[in-house]
Every structure is written in structure tokens, then in C-alpha cells.
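Coming up are structure 1 and structure 2: the same protein chain in two forms, each one given alone as C-alpha cells.
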Structure 1
Amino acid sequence: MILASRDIIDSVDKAWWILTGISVVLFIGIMTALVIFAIKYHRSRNPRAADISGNTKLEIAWTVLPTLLSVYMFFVGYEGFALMRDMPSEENSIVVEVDARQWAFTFRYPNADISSPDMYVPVGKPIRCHLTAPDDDVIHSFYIPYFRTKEDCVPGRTNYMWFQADKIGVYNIFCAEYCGKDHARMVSKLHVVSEEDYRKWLTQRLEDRFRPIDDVAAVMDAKSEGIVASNAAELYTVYCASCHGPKGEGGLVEGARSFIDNATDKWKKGVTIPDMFRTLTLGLDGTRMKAFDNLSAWDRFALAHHVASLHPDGPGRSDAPIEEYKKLIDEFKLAEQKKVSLDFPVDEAIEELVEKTGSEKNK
């Protein structure tokens, strides 16, 4: 097994140059012949058309030569495809689950039970991506141009692709399959970092994911440390703005709620911060509003506060008594996350994710 994205990049680039060169040569040849024949056989030089019965040798040539050329082009492209499909096993790679939906990618790290809107991987490690989309969504295509890797995210099934970053940097991730109104905005980032920085990032995400909510005042205050740390504006742009608008005006897709109108009675679960938290956690049946329980509880509270702040009258209309927050925390057992955090083998999870290098020998 060849565990290096550089091999895939070189193979794809080689195929591109060869196929482009063949196309240019054929284009020039065909256009040159067209001009020569147009001049040579113009009716001013040939007032009476000649009756040509056929040319067996020519017919064999233009059948056999293009066939051989097509077969050659197939194998040139297949060389890179074979490298892409020769993926490392789950045991010898870092697994990242890529969930694509209109119009954002979410990256989950199943071994650590965390997720993020951007993808983070350590340099020099094989990364195995499991690609999917919700059953009621559309086909997306996960594309990392720098690494020449692209694979469809198909609703209801799982596709696979892999890469291994050879240098530290930040790279673009695009959706390469037209998927609706905000297809062009379905952009994310791949952060290739050192192993040490990857450990730090994982540790921080684990802490955020399992940090308990045992201080009611912290989630009631939009300016508390925990809420501010979640960067709600960025989360809103990634997960909400495509449907509800950058300013909460709504209506960008069918049924998308406006956050700035005064018709609070039309909110299915209510307009208070606890109500919004429930909506983000459970989704709304029968609508395109899906659950965002992949986000940490702190992120969901931050989003709820951000949505409340979009209303012209300010967030005051979304205020709720402290009893409602206590009820919510009990309902979703948010304060019990401390037990999960203390018991969760953080070091072992990080070690398992980072240290799973390929033990298989290169073929």
C-alpha cells in the first residue's frame, strides 16, 4: 500500500497533462484538416462533387487508432484511481466521518465522540474519510483540490476516500456537486497541523464536548465565558445562514423561519432560549430543520443566544425564568456530563487517534 498523497497528486497531474496534451493535438489536427479540406474542396475548385465509394484502409485506421488511444487514456486515468481506492484500513488510519448537508460539512471523530465545522488532521498520518448525507438531503461531493481527492456524499449510503497530508497548512474543501441554492458557499477548511497541535486541538474539543453545564447563570448570560468561547457568529454562518439569512430574515428556503418578525406564536417549540435549545437538539419533525445534536451543549446555547440577538427588539423577548433553564438542564442531563468527562479516557482516545499509523508494509 502506498501511503502518500504525493503519489496520488503526481498520478492525477500526470493524467491531466497527458489527456490535455492529446486533446490539444487532436483539436489542432482536426481544425487544420477542416480548414485544408474547406479550401481544397470548395465548390469554386470542385464545381461537381466527386462520388467517393469508400476507403477501407482509412475506415480501419479511424476505428482502430481512436480505440487504442481511448484504451491508453483509460489506463492513464486508472493509475490514479487505483491509488485512491487502495485505502488504509480503519485500524491503520485516523477515521473522520464527513456529514454533508445543505449547505455545510460537519466532521466527526468517532473514536473521541467529537465534531467540528472544519477538519483537523495531523501531518503524515493516513486519514480515512467516511462520507454520507442525511436520507432526505441531496448528493454532495467532498472535494479537497490540493490533494486531488473527491468523492460523492450520497444520502442513505456511505462512501470512502483517503489522503495523507505531506505538509502543514490550511487547504480548501469544496462541494463539487451542484446541491442547491447555496452550493457555492458550501466551503470548509482542512487544517493540517503538527502532531503536538493536533493533540492540543483534540484535548480542547474533548473538554468542550464533555464540559458539564452545572452553572445555570453561565448559560443564561450571552456574554459568559462559555458562550463567548463557542463563537456563535461563526456557527450561525456555517449552519443557519443559508436557510435563515445572515441577518435572520428567513425565507431563503421553503419554511425557513424569520428570526426578526414578531409572530412568536408561530414558533413550533417557542421563542425562549430553552425552547431554541430544544429545537437545535431535537429538530422539527416534518420540516427541513434538523437536529444539531452533533454540536456541544455550549454551542447550542450560544447559537440560541445569537438567534435571539437578531431580533430588532433585542434578546429580551427570549428571556426565560431560571426555573426553565433548570428544567432544561435536568431534561437533557447536561450537568451529568462531568461524569462522562472524568471517566472518558482522554489520553487514550488521543493516543488511539494520533498513533494509529500504518503498520502494513508498503506494497
Structure 2
Amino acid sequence: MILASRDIIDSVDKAWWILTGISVVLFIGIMTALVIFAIKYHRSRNPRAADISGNTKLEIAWTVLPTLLSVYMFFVGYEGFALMRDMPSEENSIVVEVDARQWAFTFRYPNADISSPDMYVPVGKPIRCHLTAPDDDVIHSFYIPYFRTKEDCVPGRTNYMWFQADKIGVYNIFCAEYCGKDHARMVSKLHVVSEEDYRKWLTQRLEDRFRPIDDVAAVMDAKSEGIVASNAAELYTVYCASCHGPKGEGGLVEGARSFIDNATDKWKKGVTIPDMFRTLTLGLDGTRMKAFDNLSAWDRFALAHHVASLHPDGPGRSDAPIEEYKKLIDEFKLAEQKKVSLDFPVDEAIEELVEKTGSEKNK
């Protein structure tokens, strides 16, 4: 049975209010007794204490009652938890892979292999999240306060959680497990949109993703069609600025390269756009520069162009002969995306993604 996330929120809040209610009543009782006793039996009024050393019946009573209360409170909390863990199946939900790494979330929609630094989901559909972190990264935690739900992203394993948005809006996403330098800035947004908007967003993403990269001219000149660098600045802020600085000055973690100095010989894989693409795709072994293969190839090109633009000499410095691009496209089989995109009817893909959410099982 699939339940709406509203039920989870209500259940958590109900548990919270029950526990708080019990606590407040007991707390007020204890404190009132304390104050009354302290006044009534003050030494000035009661110079000699009564001779009482215990009362077994009373002891048993206040051992048994908290025990029963504890069992009750356990079940109160269990109820909402059972809902949280009653995961919808992959067929009946939209699967979002949440990739957490220092210090950004990436949301991947696996059926189409597209990625985004913000999360987009349609309203009223169960969203199943598969949470991972790369083996060489650290533990993060995916937390959406509004939906009262949270689960860690642990290297070497996949964790699961789900939720279902009942209301269109933008919600905070936090990393809740301490993960180092920019833990406090590992904040993202969840955009809950109408099904129509979701479709639109997805179409856009799919088109971006499956545009073939044998169009060498397009990736050589970032501005030629206005396609490559459209969201490059945003991507740079999310994925690169933590270490390389918002203006590319570098040095925010040990060994992070400056993009604006002139010592080009120190760039391990070279300074041209294809070189940077290669660095982004493969990472640099033995350094903290990881492979950003969680981003689509277009995004990686966009980033390379953005990084080139940070330097005072501009992209001119990063020019490479057209052969280099062709080599790169062969090397990573980027042109073959075209075939995929031809074989992959976009509309059907969206149908699959959206319609499969199992309206038949939804109430």
C-alpha cells in the first residue's frame, strides 16, 4: 500500500505531540511537587523530618508505570517509522539516485541518465531515493526537514528512503552528517512542481543530455549556440567553488589548483578544454580531485569552458586544435550518445518516468 507523505508527516508530528504531551505533564508534575515540598517542608516550618525510608508498593508502581508508558511510546514512534520504511517498489515510483560527495548533492534520474544539482519531483507521486556516496568520499546525510525524513549516504552501500510531496513548492535539502569543510554549505533545494512542469523540465534535461557531441564546433565555442555554458556558473558554484574558490583562486583545500595563475605547466593533464574535460571525467589519481562522472558530458564541457573563462587571458589560452576534440570524442565515445538519443524516444521516456508512477495504486 502506498501512502502519501502527508501521512508520514502527520504520523511523526502526532508522535511528537504525544511524547511532548506526556513529557510536559510529567515535567510539570515533578517540578510542582519539588517546589511545593521545598516550601512546605522547609526547615523553618518543619524542623524535624519524618522517619520514612521507603515504600515498596509505591516503588513497584513507579517502576511498572514508566515501563508501560515506555512500551506505549515505542509503538507511537514505530507507527510513523513503519510508514517511512514501507517503500514503494521501483515500478510504482520515480527513482532518484542521490549522489552525495564533498560538498554537493547530485540528483540522477537513472532511466534517462540525467543529472542535476537541484532536485525536481512532480507533486503527488511517490519518490524513491537511492542514496549513495563514492567509495573514496565520506558519509553524508540526505535530509528534507519538511518531509521529516532523512537517511545517510554511506560509501560502499546504497541506502533507501522515500517520500511523496503533497504540495507544490521549494523545500530545503540539508546534509545532516558532518562531512568537513563546507558541510554547512551542502544545502540544496527540492522543487516540487506540477506534473506538467516536471515533464517540461525533464524534456529539457533529456534534450540536453542526448544532444550528440560530435558537433565539435559547438563545444569548441561555448557561445556559438548558447547551449554549453547556460548553467555553467551554477554548476561551478555547486561542484567546484568549495575547493577552487568562487573566482577560481584555488587553495581552499590543500592542493586545490588556482585557475587564474599563469603557471600552466603545473596543470597535470594540461590546460586546454579537452584536457580539462579529461580531468573532470577521470579525476586526478592520488589527489583530492575526484572524477565528476556523475555529471553529463555536456555539463562537463560547460564546466571546462567556465573554468577557462575565469583566467584573465580567457578561453584563448585554452584553445586546442579541432583534432584534440575529435580524439576526445572518440576516446569517451561521446558521439555514440547520438545513437542512443535516436533510439530513445524522448516522449516515451517521459511517459515511462512519469506514468509508471502507478496511478492505479495511488489513492
Partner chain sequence: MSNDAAALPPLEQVDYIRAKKGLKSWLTTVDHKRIAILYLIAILTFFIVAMGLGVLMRLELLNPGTDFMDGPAYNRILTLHGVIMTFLFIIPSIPAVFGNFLLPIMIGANDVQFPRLNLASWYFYMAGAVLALIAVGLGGVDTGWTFYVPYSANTDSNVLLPMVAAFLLGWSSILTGLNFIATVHRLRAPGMKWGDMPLFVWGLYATSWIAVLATPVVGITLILVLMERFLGIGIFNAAMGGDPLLFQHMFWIYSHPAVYVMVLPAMGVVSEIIPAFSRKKIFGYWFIAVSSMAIAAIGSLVWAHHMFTSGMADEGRVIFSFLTFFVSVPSAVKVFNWLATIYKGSIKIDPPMLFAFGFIFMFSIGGFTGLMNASLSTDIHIHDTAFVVAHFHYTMFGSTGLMFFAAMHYWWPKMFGRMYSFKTAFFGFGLFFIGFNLLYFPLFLAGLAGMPRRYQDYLPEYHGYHAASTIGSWIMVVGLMILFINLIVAIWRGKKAPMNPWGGATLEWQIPSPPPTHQFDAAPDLTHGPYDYDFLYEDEDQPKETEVKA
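Rigid core: the largest C-alpha set superposing within 1.5 Å between the two forms. One-based numbering along structure 1's sequence throughout. Not measured: the values here are computed from a predicted model.
The form predicted together with its partner chain corresponds to structure 2, not structure 1.
Once the cores line up, the CA of Tyr72 ends up 2 angstroms or more apart between structure 1 and structure 2. Annotation: Cα of Glu195 displaced by less than 2 Å between structure 1 and structure 2, core superposition. When two forms of a protein are overlaid on their rigid core, residues whose CA moves 2 Å or more are considered shifted, and Glu90 is not one of them between structure 1 and structure 2. The Cα position of Ala297 changes by 3.0 Å between structure 1 and structure 2 once both are aligned on the rigid core. Relative to the superposed core, Ala49 moves its CA by 11.5 Å between structure 1 and structure 2.
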